[in-house]
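Take a look at this one chain, the form predicted on its own, written out in structure tokens.
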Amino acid sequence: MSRTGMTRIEMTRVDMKSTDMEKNRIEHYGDELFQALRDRRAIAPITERQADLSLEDAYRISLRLLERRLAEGEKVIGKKIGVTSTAVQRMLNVHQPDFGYLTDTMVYGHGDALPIGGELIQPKAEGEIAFVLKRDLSGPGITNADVLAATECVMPCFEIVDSRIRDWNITIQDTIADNASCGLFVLGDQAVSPHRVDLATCGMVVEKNGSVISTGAGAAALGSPVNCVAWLANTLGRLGTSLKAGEVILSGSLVPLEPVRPGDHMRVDIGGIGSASVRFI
């Protein structure tokens, strides 16, 4: 798994895509989100205070937040795609995908205890399929065949999303600025070739505290998780960056978000891929 962070060139290329907001305001909102993350304190929606916030500027704020985290020693190990399923879009009233960055402080293993009580604010868990890349993917022009050829393996995954925005009262711009509402994630104990499973039709079953709470299928995420990864590679390509060999890519939830609290335990099973379980403390 690659432990390399985003390069200064990549950050600059994204930063040049928008000049709608002055640099000090971008830094102000990014620093505010960083401090909210460190203090476990929710803030008012940015769009309530900056009504004209564009998607491009929201991503610039996200990069400022990431820059602060990297300055403290965190390393980028992948990326996440958010808001891909209809169920999640309706729940959050956000109706298009977005993306954020994964760092080495976010990842946990199968069966680990996640310290949500000490690290997160208002966590929700979602079952996903994670892709581990063996080659770079540089868009635009990336096809599903390119994604499959570049993927070393797929794994079952839980993403525990969190929002630094009060009461999850978010627009698409708010969640983008807040690193796509990323919190922590858990990778399962099995990995399989993407060629050994139909990623559009594979079924998912999610249990919480011993009871089944939701089911889904790969098609819930933009028709297939492969579509999601292609979307991300092409979106990043237009911003001057790429998906890197060794990175973990979280392809988006296949089921509704589930609020969690310390003491809960969850398990996800994905047909043809495997399972992941997690305990929350």
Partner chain sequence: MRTLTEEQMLALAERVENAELNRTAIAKVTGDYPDMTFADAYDVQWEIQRRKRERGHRLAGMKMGLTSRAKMAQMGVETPIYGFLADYFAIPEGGEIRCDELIHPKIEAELAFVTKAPLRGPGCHIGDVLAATDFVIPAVEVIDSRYQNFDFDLVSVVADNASSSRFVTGGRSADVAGLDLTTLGVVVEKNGEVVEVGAGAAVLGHPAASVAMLANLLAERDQYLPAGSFVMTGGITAAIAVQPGDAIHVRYQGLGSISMRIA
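Positions refer to the first chain, counted from 1. Think of the rigid core as the biggest set of C-alphas that the two forms share within 1.5 Å after superposition. Every value quoted in this text rests on a predicted model; they were computed, and no experiment measured them.
Another form, the form predicted together with its partner chain, is not on view; read the next lines as being about it.
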Which residue among A44, L55, A245, V212 has a heavy atom within 4.5 angstroms of its partner chain in the predicted bound form?
V212
With its partner chain left out of view, which of V76, L187, L148, V205 would have a heavy atom within 4.5 Å of it in the predicted bound form?
V205
Counting only non-hydrogen atoms, which stretch in 216-224, 229-237, 28-36, 65-73 is within 4.5 Å of its partner chain in the predicted bound form?
216-224
Report whether the minimum heavy atom distance between D264 and its partner chain in the predicted bound form is within 4.5 Å.
no
Does its partner chain come within 4.5 Å of any heavy atom of A200 in the predicted bound form?
yes
Test of understanding: in the predicted bound form, would D269 fall inside 4.5 Å of its partner chain by heavy atoms?
yes
T86 C-alpha shift between the shown form and the other one of 2 Å or more, rigid core reference:
yes
Thinking of the 3 angstroms or more shift, are the C-alphas of I142 and H95 brought closer or pushed farther apart in the predicted bound form than in this view?
closer
